[in-house]
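Only one chain comes next, encoded as structure tokens, the form predicted on its own.
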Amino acid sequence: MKQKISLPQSFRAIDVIRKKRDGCELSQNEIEGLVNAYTSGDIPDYQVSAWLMAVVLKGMTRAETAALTDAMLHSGDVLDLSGLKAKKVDKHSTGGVGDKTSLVLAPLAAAAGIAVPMISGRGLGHTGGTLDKLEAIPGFNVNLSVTEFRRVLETCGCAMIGQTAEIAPADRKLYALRDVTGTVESPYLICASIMSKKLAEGIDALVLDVKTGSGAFMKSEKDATFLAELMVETGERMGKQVVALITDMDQPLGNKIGNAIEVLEVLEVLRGDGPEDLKELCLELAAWMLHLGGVASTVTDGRQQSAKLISSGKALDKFRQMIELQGGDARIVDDPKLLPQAQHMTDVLSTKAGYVNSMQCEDIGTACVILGGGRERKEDSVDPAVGIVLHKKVADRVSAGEPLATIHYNAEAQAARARQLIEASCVVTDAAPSAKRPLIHKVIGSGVMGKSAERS
């Protein structure tokens, strides 16, 4: 139920901003006051922007992080899904380039008999957003009411929406503001954002995909591990089973970056095809979802069940059903040409022969944003048709004049800027890289499985 907390007469946003600017710990009442005042429109964007930057620069204590998560969680309704017999399990990623796993995992886990109430977000910075990808499907409605969300969930076992007016409205406002004020990367803000809307879903368990590398918000594995432990601790504090996988984002996941073309790659994976790295990560995340959901006795069993659900076509059928129930054109499943398509394409060619030694993954994500696949400003709209298709990944051999990538674009000037970034981001050397980073670095488990568990 929604908890309405009235502001104390003495509350002043400027006092909270100054206190955090000076590195002092805020009280629960001060954090609740700021969150509630912003959610209700009583204080302006510029004051909250100042507070967000102070948090980025000064950090937060564990108590502050928990208070912020709780205030954002109770800024709206917390769903009661106890009437659903199936265990409720969701998955969330901290954001990456080419990361479209949610679109695979929701129908895949639902096909296994798990309820997946997935509340997602839009693109942040250089990373793509699940909602933007879903809206590339003609007619797909991510703005369901809580009643409609529940109906879809009860009918097909999965539903994917954005933060509604009823669910975590504070996060919806803060999420958009962080995107345009350079305050995305704070682990405390990331934790509160993710956990508030996930806990508002009424879930029993949560699988987190915490990215690390050049395309992640957490560049170092140390920082990614800190964030993962912070989120696991927050979830467990509120009585949920939480597992976090630390996964690689030193290069884009899969081969396609951009909303409509990522949906196309999702369809490929659900048919049993698609890039190996994307398939591997989807199966691993699904395995943990099935294990926490009680339909797989072990993670290995969950992986095997997930592979069978894809090969049998049941996961694809569930995706088709969810699209229909949320107003989308389900014909795209069998005829992907119905997805938005860019007017022009151009190749980015390698200037030398050798091996792709590395990619500046963030720059590739930024190139997609420049094309119109994301938002450079808060008020920008997203072009679902544009994007980038990679033909080479790290350690691949390339000849001089061979395409590294193909740009799908609708504006020449944007394509020229994107091309420069992509060319600079791909480093080709005479020798192959000595070692390739693993896709899955480690797993940090819930209290049920121990504080830290290596990949099973």
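Since this is a predicted model, take the numbers as computed values, not measurements. Quick note: we count residues from 1 along the sequence shown, nothing fancier.
As for the form predicted in complex with a small molecule, it is not shown, yet the points below apply to it.
Within this chain, residue 194 lines the site of the small molecule in the model of the complex, having a heavy atom no more than 4.5 Å away. A residue is said to contact a partner when one of its heavy atoms sits within 4.5 Å of a partner heavy atom; residue 75 fails this definition for the small molecule in the model of the complex, lying far away. Heavy atoms of residue 178 reach within 4.5 Å of the small molecule in the model of the complex, making it an interface residue. With a 4.5 Å cutoff on heavy atoms, residue 256 does not count as touching the small molecule in the model of the complex; it lies far away. This chain is displayed alone, yet in the model of the complex one of 190, 325, 81, 299 has a heavy atom within 4.5 Å of the small molecule; that residue is 190. Residue 93 is the only one of 93, 212, 251, 130 with a heavy atom lying within 4.5 Å of the small molecule in the model of the complex.
Segments offered: 131-139, 170-178, 145-153, 357-365. Contacting the small molecule in the model of the complex at heavy atom distances within 4.5 Å is 170-178.
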